[in-house]
Ligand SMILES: Cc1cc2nc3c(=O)[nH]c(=O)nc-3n(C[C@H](O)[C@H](O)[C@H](O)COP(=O)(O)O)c2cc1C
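Take a look at this single chain, the form predicted alone, given in structure tokens.
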Amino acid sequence: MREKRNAIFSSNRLKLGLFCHNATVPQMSRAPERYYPTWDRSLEVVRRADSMGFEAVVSLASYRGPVQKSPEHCSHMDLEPFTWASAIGALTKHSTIVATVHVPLSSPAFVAKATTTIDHVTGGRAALNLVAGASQIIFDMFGKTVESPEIRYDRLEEFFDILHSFWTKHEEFDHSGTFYKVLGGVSVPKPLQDPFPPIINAGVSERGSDFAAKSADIAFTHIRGTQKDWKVTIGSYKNRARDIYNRDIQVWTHGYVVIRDTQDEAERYLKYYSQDFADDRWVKAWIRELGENLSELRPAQRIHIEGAWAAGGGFPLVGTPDSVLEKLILLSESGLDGILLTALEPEKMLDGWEREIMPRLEKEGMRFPFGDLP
């Protein structure tokens, strides 16, 4: 049973993961100490998190960044997610290794086989992050056009159905649908996990959140606003999954980490890398790619949005160990199951997390000491 093999189903109330370390992680900064995804460095970071009991390592499928006419820009740096995930999986022992795919850019036959391979390499620790696809700059390299949201999720539904067939059917199958045609479909060996590796999806639209509630094991979403807003966002996925599809679903988010002895020190370092050394070309190109029109925003709104993306684009875990713990407790009390972490210098972040945050989480009963999981 995959619940016995796969760390994302652990009994820890708040699960932890790393996000995007096969790529230049979300911090859009020119600070000289920022992370770059060499193979050796990414392996060091992931193995450290694995040894600490982190439940997940989630890759990014980027292929290129949004900055155009600058082929050496660091936003383009990433290691292909399936290859990277398989190699990382062979050299770790505990964490779930998550490959990420833009559905319109690949075939179900390949994704089924590649994910199964990672599952065997890791001894049943694979998971798959299905992305419906939204970046035209990335799609241009593949000669593809980003589809409308409705068509995007029609395609994703069909893609998932074919994956399910490859993973679970023991006889050859045919499929003739709107987007895909399969003749004599077969995939052997089957995944080690029964019935198949967990699915992650970051759908936030009505159609996207419905797909997550129906088919995913983890809904990945942004957490914004007040704690009341957090509860509404998290509850919308869990309630839909339970009430409509009679199933349970986890909800995770991601956050950027700056931990210092004082709040002022943490905020000064955040300002240093996300404002003083913000990579303005990267930030503005990314915001354009998202469809935001900065010229329509008030100056304060524009500064906030640009600063948030330069900082890491997720939930801010910025402050002292105690203030970061308070935020994590509130997120967990709001129903959040897990959070993926990024930092400008992930090695230093993990040092501080192990020293300051893990003992506090264990003391609060939010995590068991690694090795003592029931």
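Given the structure is predicted, the values throughout are model-derived calculations rather than measurements. Position 1 is the first residue in the sequence shown; the rest follow in order.
There is another form of the same protein, the form predicted together with the ligand; it is not shown, and what comes next is about it.
Stretch 133-141 is the answer when you ask which of 268-276, 133-141, 117-125, 180-188 has residues with heavy atoms within 4.5 Å of the ligand in the model of the complex. Scanning H175, R242, H222, R260 against the ligand in the model of the complex with a 4.5 Å heavy atom cut-off leaves one residue, H222.
Proximity to the ligand in the model of the complex, defined as a heavy atom within 4.5 Å, singles out one entry of V251, L192, A202, C74, which is A202. Using a 4.5 Å cutoff between non-hydrogen atoms, K284 does not count as a contact of the ligand in the model of the complex. Residue contact with the ligand in the model of the complex: F159 places no heavy atom within 4.5 Å of it. Of the heavy atoms in A61, some are within 4.5 Å of the ligand in the model of the complex. Shown alone here, G208 lies within 4.5 Å of the ligand in the model of the complex, counting heavy atoms only. Contacts with the ligand in the model of the complex, taken as any heavy atom within 4.5 Å, map within 1-31 to F19 alone.
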